[in-house]
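Given next, in structure tokens, is a single chain: the form predicted alone.
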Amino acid sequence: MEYDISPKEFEQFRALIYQECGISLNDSKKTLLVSRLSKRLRMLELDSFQAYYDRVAGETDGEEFTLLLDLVSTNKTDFFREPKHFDFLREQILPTLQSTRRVRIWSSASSSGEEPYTIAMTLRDSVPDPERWDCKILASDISTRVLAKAASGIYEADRVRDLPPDLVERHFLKGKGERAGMIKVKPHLIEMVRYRRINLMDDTFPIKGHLDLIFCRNVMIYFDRPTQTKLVNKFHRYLKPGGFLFIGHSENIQSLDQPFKAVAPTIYRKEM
């Protein structure tokens, strides 16, 4: 069965998604929405997008809405994506924490886990005696599907083909037999990362204590300016004085009404 979505139905979904998670779908995303949701409609044996909207909007536990977000979210990422951020972490931030050997980091849009594991690898490879450091990484996403993949730490081996062989050997296990062609993140990295579903549109986040770093990369491009401004100011509250915010290289928050100081391209600092 082929499905089509009416302007009214598309507007209903657009308003619901914006209200709940801040993603702003413009008219060009109509075809994408139809393509990604049609399979779900067939599975549920529904005959229209209106019927699916009524089901999502009428539920009490939010389970179907979470699945809806899983289907419409874009979750493309890579290990060591935008590598200058990790150079900055290694060269400019970690040396200043040597006296306390303690760091708290939030990967706020962690997708399938490549970003938080890259942060963990950078930490392990950049400090002397990493076992003596207190390093904790909170990794969150709105998609339960990608969080489950991230927590497993299992990827296709092609995902690390461009990384230095010695780094891969230090931090990944190569699959054998039925797992040939796959890799798994080693326990010393998995133990550093805690995964949790967090909606960035929530007024408060389940985070105790102030953070040293927040990564929120390639997410705000899906938000309008008021939503970006609100989110950036919330991040500011959760960072300790002198803490850093990393955003994607296609993003810019300098034109927003926000209190951060730019210290490098797409890297911002909370004033002391």
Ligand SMILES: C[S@@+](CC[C@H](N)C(=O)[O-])C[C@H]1O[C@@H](n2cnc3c(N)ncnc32)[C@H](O)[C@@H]1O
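Start at 1 with the first residue shown and count on from there. All values derive from a computational prediction rather than experimental measurement.
Although it is not shown, the form predicted together with the ligand is what the next lines describe.
Among Arg194, Lys84, Arg179, Lys76, which has at least one heavy atom within 4.5 Å of the ligand in the model of the complex? For this set of options, the contacting one is Lys76.
Which residue among Leu138, Ile142, Met121, Leu89 has a heavy atom within 4.5 angstroms of the ligand in the model of the complex? Selected residue: Ile142.
Could you tell me which stretch in 167-175, 129-137, 94-102, 142-150 has residues with non-hydrogen atoms within 4.5 Å of the ligand in the model of the complex? Careful reading of the contacts points to 142-150.
Mark Ile253 yes when one of its heavy atoms lies within 4.5 Å of a heavy atom of the ligand in the model of the complex, and no otherwise. Close contact is absent here: in the model of the complex, Ile253 is far from the ligand, nothing within 4.5 Å, heavy atoms only.
Answer for Gln50 alone: is it within 4.5 Å of the ligand in the model of the complex, judged on heavy atom distances? Close contact is absent here: in the model of the complex, Gln50 is far from the ligand, nothing within 4.5 Å, heavy atoms only.
Residue-level question: is Ser38 within 4.5 Å of the ligand in the model of the complex, judged on heavy atoms? Because no heavy atom of Ser38 falls inside 4.5 Å of the ligand in the model of the complex, the answer is no.
How about Ile198 - does it come within 4.5 Å of the ligand in the model of the complex, if we only consider non-hydrogen atoms? Ile198: contacts the ligand in the model of the complex.
Using a 4.5 Å cut-off on heavy atoms, which residues of 209-232 contact the ligand in the model of the complex? Arg217, Asn218, Val219, Phe223 sit within 4.5 Å of the partner.
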